[in-house]
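Just one chain follows, in the form predicted on its own, and it is written as structure tokens.
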Amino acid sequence: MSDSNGFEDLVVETPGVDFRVHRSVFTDERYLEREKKTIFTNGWLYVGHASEVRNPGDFITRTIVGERLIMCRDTGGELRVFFNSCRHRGALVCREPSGNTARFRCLYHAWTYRNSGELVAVAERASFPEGFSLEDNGLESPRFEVYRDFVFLTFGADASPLQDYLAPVLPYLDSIVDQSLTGDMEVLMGSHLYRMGGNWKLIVENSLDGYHGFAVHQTYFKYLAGRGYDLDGGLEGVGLSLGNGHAMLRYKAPFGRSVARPWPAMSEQARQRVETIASELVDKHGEEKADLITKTSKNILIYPNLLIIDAASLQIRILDPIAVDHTDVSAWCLAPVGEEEELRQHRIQGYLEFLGPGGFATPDDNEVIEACQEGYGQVRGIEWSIVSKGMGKEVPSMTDEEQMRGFWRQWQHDVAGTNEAAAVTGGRQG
């Protein structure tokens, strides 16, 4: 069969009437393998934040769709990304999650590389053929680019420039970085790493879904009410499909934001500082952009698998598909460099309360996603999922599903390898 055969009719859209996704995309190993060959090869994937390797010699190791990687600063301070594999027999040259070193040394045969990638030492070098050269056997590097300290790579030779790929989402990514008056953000020490029993696309849907909030997270909202938050206004916002698969929820929420919205429990000094920051951001960016930065919560998908949750705190979340029904999630808290101590503590508290491993939201969402995965695994169950809420609306609300439809249109385009983002009629019959 042709390379795309069998992948064209998994997303079916009848404009203004119906939008369906075939549930096999969450359970069939063929589709995960196809995703790895298309979406996760040809697109741009988030590696890390430059603040994680702030000093010369700093390094972190990451795994992205099975590829083991090193991101580091070389001795001269230049940012580097390497495949974490010795050129000799393939063993990892770095087995620590992070640290500082001038050289990476393979444990197998002691081949040694500078943190700039050059091979500098080979045991028993005289035994290699005359044409063997150190210069030709340094660590290999994938193509990578950096936007405002967000480091992305691609495994595809024909990928468009990073800034073109990110163009539809850049105003919102900028609004994250511009929470810092200096434009300097940093990933805070400590990480949240866990394996979820669900397909990676279920986590994308959940992270963009405003429809489930009050049903799934009742305990959290009761907790906020008990701490003095005014919840009468609920959550008001829109769901947006931005293009290139990028999507977001944009909404006004009752919880505090360190950058510009005080918590009820804040000291008067901290409250005044928050108000000062808000005023300074208006002076720097103007009212409209400052409102987006300071008062607007955002759940942003940078397609395919980077999520930025800017709400009760600020989280970077990466999804790494391990199996059709298991996903590794890596998450960190992001904050302005030099943030005042009390504001930083509120930021961390907000992260732990809502997004952390023992928070009010993450365990709830994990349970829901695993329940969906179990339901989709039924052989004789319903074949299609309905993603039609809000179709035909001029401005979809945040509890509608246009943001998810944008993701699915791009997904269909990529896995099918066609010029159509989604089939309009026909497809599988359930």
Partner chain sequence: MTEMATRGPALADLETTHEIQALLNYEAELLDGWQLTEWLTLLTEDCCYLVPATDAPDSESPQQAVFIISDTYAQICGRVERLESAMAFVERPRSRTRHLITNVRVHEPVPNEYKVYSNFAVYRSRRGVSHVFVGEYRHLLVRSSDGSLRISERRATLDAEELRPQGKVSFIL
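These figures come from a predicted structure and were not determined experimentally. Residue numbers count along the first chain shown, from 1.
Below: the form predicted in complex with its partner chain, not depicted.
S.K.: Does at least one non-hydrogen atom of residue 83 fall within 4.5 angstroms of its partner chain in the predicted bound form?
M.R.: Close contact is absent here: in the predicted bound form, residue 83 is far from its partner chain, nothing within 4.5 Å, heavy atoms only.
S.K.: Could you tell me if residue 189 has a non-hydrogen atom within 4.5 Å of its partner chain in the predicted bound form?
M.R.: Residue-level check for residue 189: yes, a contact with its partner chain.
S.K.: Any of the heavy atoms of residue 193 lying within 4.5 Å of its partner chain in the predicted bound form?
M.R.: Because a heavy atom of residue 193 falls inside 4.5 Å of its partner chain in the predicted bound form, the answer is yes.
S.K.: Against its partner chain in the predicted bound form, would residue 218 count as a contact residue? Criterion: heavy atoms within 4.5 Å.
M.R.: Answer yes; at least one heavy atom of residue 218 falls within 4.5 Å of its partner chain in the predicted bound form.
S.K.: Tell me, out of 152, 303, 104, 351, which residue has a non-hydrogen atom within 4.5 angstroms of its partner chain in the predicted bound form.
M.R.: The residue in contact is 351.
S.K.: Would you kindly say which of 250, 273, 114, 344 lies with a heavy atom within 4.5 Å of its partner chain in the predicted bound form?
M.R.: That would be 344.
S.K.: Pick from 209-217, 161-169, 264-272, 70-78: which stretch has non-hydrogen atoms within 4.5 Å of its partner chain in the predicted bound form?
M.R.: It is the stretch 209-217.
S.K.: Can you list, in sequence order, the residues from 315-332 that come within 4.5 Å of its partner chain in the predicted bound form, counting heavy atoms only?
M.R.: Heavy-atom contacts to its partner chain in the predicted bound form: 328, 329, 330.
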